[in-house]
Ligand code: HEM
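A single chain, nothing else alongside it, follows as structure tokens in the form predicted on its own.
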Amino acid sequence: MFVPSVESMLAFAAPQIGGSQALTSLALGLANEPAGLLPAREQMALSLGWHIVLACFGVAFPTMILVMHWRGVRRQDRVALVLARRWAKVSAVLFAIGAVSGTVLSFEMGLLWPGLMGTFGDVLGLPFAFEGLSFFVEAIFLGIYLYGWDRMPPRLHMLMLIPMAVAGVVGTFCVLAVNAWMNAPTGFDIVDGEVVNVQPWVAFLNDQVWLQFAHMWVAAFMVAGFAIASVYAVGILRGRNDRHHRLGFTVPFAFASVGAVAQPFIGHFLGLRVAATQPAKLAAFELALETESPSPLRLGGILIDGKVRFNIDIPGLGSLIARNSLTAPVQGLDTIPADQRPPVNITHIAFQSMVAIGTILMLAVLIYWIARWRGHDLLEPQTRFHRWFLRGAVLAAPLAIAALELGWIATEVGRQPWIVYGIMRTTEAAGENSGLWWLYGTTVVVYTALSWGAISILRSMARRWRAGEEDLPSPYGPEPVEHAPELARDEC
């Protein structure tokens, strides 16, 4: 799935094997791989890496809009209603772009990985069907919500956000169910090389999905929350420290803060399962070359010529974190056959970078809320470190996105060489169509155009809002209603 190409691993893999022999072995391996493997990996890396960020907004944004809209209706807060209305329009833009990338992904699974879908299509059909249904439900209620401004009773209009939010969560659960199944396949038997006795619900609701979904669900609120808050942090830094910007910052930042504090605990419990289900991945995470009891926590480090270099070891802490024990060992890579080990350096660096970023974000939000609880609101201009905090809030957005991408790299590269763990290798899932490079090139052009278009549209919307325009009418459709029962003109 989300796997960097073999060439991109060369600088990391070669020193582990040893000198020129590594280059020869790798060249032979590339020669024996299906022609469609490398472009399939590049294509999925691009598509999933791009789409997953938009998916975060599809999961988290409706809930944030619901909270803001509820505040506006409950307290007759005009600023909150203005924010809810604007956020809904931003959500529509992101949803439209996400629909394009999501549609591309639905075709790519069968096109890029014919061995996987041809063999296990009956097993994976149910979650994909539910995901498509969830997409349509979210689109329908998003349309109703956008059209319903000034046309529906306020409370009924607000309730349209609930199925929209639920559909986004369900759709994400379905996608995570497929990925969790690939990490811990179940719900079928293999008899004489054929997949039989398929149990779609068992595969769909596999044991791995619940924690993996929770991990991704919280990550979505972190990405969306920090990204939205960063926009208002930039506005405050530029002198627009009014209630509109403060409320626009505080609500998404609160969601992101809860996620940042909860995420390390969810990640810890998810990591405990890796020791039992994928020991090779855990060994790569921890850079454990040999089985040690107790195992150290290895900070940093890189594997060069079979030795770990540039690392700091904390004795015993590895067993506590990875195994929830003072003495339980982390199984070493030396116990795992060489052809079943993942690319160690990429997996280790991605995992530890994700953890480092997550730790920084957790500490940052704790400092903010503790300071606020003690009467030092860092949003106030007269507060010490006011501008430094806002700069940090702006930086939190790309950091959260980086942590999300790094987490998926660690998860997917760490599962290699398997696409279905222990059953089907990634090389067996790929096809022989070398023409996939044309698809990859086309996708690069399309995604570049979509990114440019999204940025241009959102910047244009922001400029018009600052100029006092609220309706942003389309060239067609009904005229704005004169007496809006739900939203007064923003005077802030």
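One-based numbering along the sequence shown. Keep in mind it's a predicted model, so treat the numbers as computed, not measured.
The same protein has a further form, the form predicted in complex with the ligand, not shown here; the description that follows concerns it.
Contact check for residue 345: no non-hydrogen atom falls within 4.5 Å of the ligand in the predicted complex. In the predicted complex, the ligand sits within 4.5 Å of a heavy atom belonging to residue 172. Contact annotation: residue 95 falls within 4.5 Å of the ligand in the predicted complex, judged by heavy atom distances.
Looking at residue 65, you'd find every heavy atom of it more than 4.5 angstroms from the ligand in the predicted complex. 416 is the sole member of 257, 319, 230, 416 with a non-hydrogen atom lying within 4.5 angstroms of the ligand in the predicted complex. This chain lacks the partner; the member of 199, 324, 76, 106 within 4.5 angstroms of the ligand in the predicted complex by a non-hydrogen atom is 106. Stretch-level contact analysis of 436-444, 43-51, 66-74, 456-464 against the ligand in the predicted complex, using heavy atoms and a 4.5 Å limit, identifies 43-51.
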